[in-house]
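In structure tokens, one chain follows: the form predicted alone.
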Amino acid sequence: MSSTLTFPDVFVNASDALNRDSINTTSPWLLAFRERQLQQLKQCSLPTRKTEDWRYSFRHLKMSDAIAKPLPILSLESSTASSLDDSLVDLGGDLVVFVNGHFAESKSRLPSDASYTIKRFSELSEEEALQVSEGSSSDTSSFPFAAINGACLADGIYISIPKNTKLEKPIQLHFHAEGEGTTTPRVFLIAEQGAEATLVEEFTGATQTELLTASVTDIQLNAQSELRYIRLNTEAEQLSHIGLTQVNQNRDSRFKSFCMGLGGPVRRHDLKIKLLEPGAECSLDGVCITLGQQHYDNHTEIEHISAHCQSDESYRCIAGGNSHIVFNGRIMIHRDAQKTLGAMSNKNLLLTSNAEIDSKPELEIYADDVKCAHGTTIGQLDEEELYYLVTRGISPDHAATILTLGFVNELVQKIPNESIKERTEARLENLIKSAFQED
């Protein structure tokens, strides 16, 4: 396989068509943004089995077929959103709904006051557009799907939380996809000094056809701000999703995330954190489950660029059937990042002998006054614990379900929203039950 396999022309053609068809209806900055991303896309090549960040995936998947197949960019009209209402759960805060990458105004509920700003990319002022352009993911060499997102972007959502504003209710973003093709959701959030909020991103979709979602979220946390970030990848198992979340943190900012990923043909989420100034802290929690022939990649990268910063990461993965999970967590301590505290834990559970989990924790340290630790475990359910439950009248399947749920429950309980916590528990319980019933 060639190491210079380029992305299919369908994405280039789609970008050209978007700019041509919307030249009179889209703001000039968005047209220019697409064009810059398109030029980067033309320089990108598809990952191959020789690409370090993808090599574990290529061992199990025909990745070149899965991510290079020409799929058209979906329009809002191409979806009836027949399953949207079933998947949409109102959390009581402001709600923004996108269908196939297009804003669905009739399903959304934007803020009625001016406590913060939330608007579409196509409606941004020059100053807001400049914030997005300067703060958007630019490293397309390591994550070229960000260029697909930018070049084929129909619209995006911009969120700005003013200084010292504390939002009590969550900001809920719901991205739904149906049909055959590609969708490109994009989010930009900036929290000014002392701001505090909860952001919920949920991706859903139900289709019997092939569909690829290439999502990008850029987050800028200014001094002393705090963001609780919940990301739920819960699409139907036929959908593929490759997403990137990038977070830049300034002095004394706090970022707390919970990510849940369910498996599919090709699923991957990259979470990249940069601790730019002293006192910044991040806490990353994640749960991933795959069954059948499914696949999921978790890639995290925390860069300690400044001194006196702290990071704590815990991911737990469950694989059943013939499925496959990759966890690649990296903590990089730069030369000036003295007095750093960093910890990473990845615990994995195999439900069957045919399932596989590849765990690759990494520490790269260039400072000499740091405290860092990382660890990983891979195992199966404890036979003695199963025996104990079965001898007390619990069926073997139910006993296995109880122990498996207990494996991830510690992280699920940390979700900072009761409604999402209950839904996540119920979803995981149903999935795990089905896994043992199939076996």
Partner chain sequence: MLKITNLHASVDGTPILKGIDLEVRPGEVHAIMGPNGSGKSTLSQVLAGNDSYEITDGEIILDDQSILEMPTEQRAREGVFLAFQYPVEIPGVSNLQFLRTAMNSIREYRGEEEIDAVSFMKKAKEKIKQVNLDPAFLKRGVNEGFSGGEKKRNEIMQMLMLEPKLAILDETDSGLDIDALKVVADGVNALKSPERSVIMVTHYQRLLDYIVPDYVHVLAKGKIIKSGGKELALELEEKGYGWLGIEDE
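Because the structure is predicted, anything quoted here is derived from the model rather than measured. Positions refer to the first chain, counted from 1.
Not on display, but discussed next: the form predicted in complex with its partner chain.
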{"query": "Its partner chain contact in the predicted complex: Arg392, any heavy atom under 4.5 Å", "finding": "yes"}
{"query": "Contact flag, Pro28 vs its partner chain in the predicted complex, heavy atom cut 4.5 Å", "finding": "no"}
{"query": "Any non-hydrogen atom of Tyr388 within 4.5 angstroms of its partner chain in the predicted complex", "finding": "yes"}
{"query": "Any non-hydrogen atom of Gly406 within 4.5 angstroms of its partner chain in the predicted complex", "finding": "yes"}
{"query": "Among 366 to 374, 46 to 54, 30 to 38, 380 to 388, the region lying within 4.5 Å of its partner chain in the predicted complex by heavy atom distance", "finding": "380 to 388"}
